[in-house]
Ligand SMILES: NC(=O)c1ccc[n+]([C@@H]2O[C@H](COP(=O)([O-])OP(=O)(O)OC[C@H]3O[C@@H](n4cnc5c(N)ncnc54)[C@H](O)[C@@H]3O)[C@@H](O)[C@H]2O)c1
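Consider the single chain below, provided in structure tokens and representing the form predicted on its own.
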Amino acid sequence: MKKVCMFGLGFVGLPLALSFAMRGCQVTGVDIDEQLVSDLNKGITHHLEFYEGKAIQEILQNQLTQDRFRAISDGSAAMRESDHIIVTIGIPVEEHKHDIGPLLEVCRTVGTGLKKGDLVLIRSTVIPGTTRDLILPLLEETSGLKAGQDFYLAYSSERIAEGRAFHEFEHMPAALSGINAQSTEKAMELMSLVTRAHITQASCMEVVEASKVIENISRDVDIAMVNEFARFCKAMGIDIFEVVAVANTHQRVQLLNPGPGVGGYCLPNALFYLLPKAEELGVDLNLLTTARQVNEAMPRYVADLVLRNLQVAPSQGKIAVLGIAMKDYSNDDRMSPALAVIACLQQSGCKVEAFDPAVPSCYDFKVDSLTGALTGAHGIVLLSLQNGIELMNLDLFRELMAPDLPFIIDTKNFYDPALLKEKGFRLERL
């Protein structure tokens, strides 16, 4: 039975910790959020994950009952009881600048508790070169041990989509590399407990680090292309969603749908992990930078669509926002485009009330019922689909909203235009 210590119990760390626990490992999860630790030890989590018909809440409770998982805030204590350490701490980005401090602080804690024979597996998205150039010397300095001789060090990217974490940890092909062959072998042994899919052993850790960043950026670029084309289609008076559907009948074309922006912790941040290394190497990343700018401009574009349809002065208008998660059927609102759309509307003078029953975060504009959001609203902007939002209760919409012809900005291509017209709504898509 392997003893695993998981640093970070967020959208990656918690389902990964439980994945190891379900396969018989003794898992200690570490997080500095005392409330989160307390909730997890009571079986409470807001994550919307499922595995083989079981919700993550049931999985968590089962692993707690079987004493295979517990959460603590004391990293040093967790290290004493573990010999396989996995780090899933993210690197936050503020105003386009990354802060690697939280990751290095956790690695310092790991280093002070390292024992001979331990494996350290980094699963955070990082600037290429981070594991070798920053984490390795930090672990050696704080532990007094030698990587590759006294302890093992490896890097493996995570590739999960929120909402499918358990399935994708098991079935998504993975990639890893260690500081030496022995480290790679140890990491393979650990990861193979959860991952049934093929695991690629890359030539070095930098290859895996760089591949993870470019995987994220590739989606950012793909979305930016179709978001920019959406404006072209809007100017022509044709439907971008129909254009994408027709284009995708080509067997070598697979366009994504446009949206109100790109959110979450992975895709928007990836470029800003890569830029520092590119600047150090003297490499321009003009295309990638432009794509990020296009996606960052989408919330303003959506807000302008709302204002264009508003038939009263913004200071007199109320807008109902439906869905504030960063993507459909998620409870994650980190860097959500919805928050940026709302900020733009508020800056224009609109009153905004938003409803999303899955997102636990509190905001001054967030209300706890669909009725609260709709009452008196002049328009609706649909930003993410969510269980618990009765989007087809159009009679209720019409009853509660302002009497003048209300509008719906549909960024998800959810509504049938003929039905909305019949029910007395104006519809506008991206």
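In this text the structure is predicted, and so the values were computed from the model without any measurement. Note that residue numbering begins at 1 and tracks the sequence as displayed.
What comes next is about the form predicted together with the ligand, which does not appear here.
Would Val12 show up as a contact with the ligand in the predicted bound form if we use heavy atoms at 4.5 Å? Looking in the predicted bound form, residue contacts with the ligand include Val12, since a heavy atom lies within 4.5 Å.
Considering only heavy atoms, tell me if Asp333 and the ligand come within 4.5 Å of each other in the predicted bound form. No.
Flag Ile89 as yes or no: does it have a non-hydrogen atom within 4.5 angstroms of any non-hydrogen atom of the ligand in the predicted bound form? Heavy-atom contact with the ligand at 4.5 Å: present for Ile89.
In the predicted bound form, does Ile32 come within 4.5 Å of the ligand, counting heavy atoms only? Yes, Ile32 sits close enough to the ligand in the predicted bound form that at least one of its heavy atoms falls within 4.5 Å.
Given that the partner is absent here, state which listed stretch (234-242, 138-146, 258-266, 315-323) has heavy atoms within 4.5 Å of the ligand in the predicted bound form. Checking each option against the 4.5 Å cut-off leaves 258-266.
Answer yes or no: in the predicted bound form, does the ligand come within 4.5 Å of a heavy atom in every one of Leu36, Thr125 and Ile160? Every residue of the spot touches the ligand in the predicted bound form.
Looking at Leu119, Val106, Ile179, Met191, which has any heavy atom no more than 4.5 Å from the ligand in the predicted bound form? Checked against the cut-off, the match is Val106.
Among the candidate residues Pro102, Pro276, Gly129, Pro173, which is the single one with a non-hydrogen atom no more than 4.5 Å from the ligand in the predicted bound form? None of the other options qualify; the answer is Pro102.
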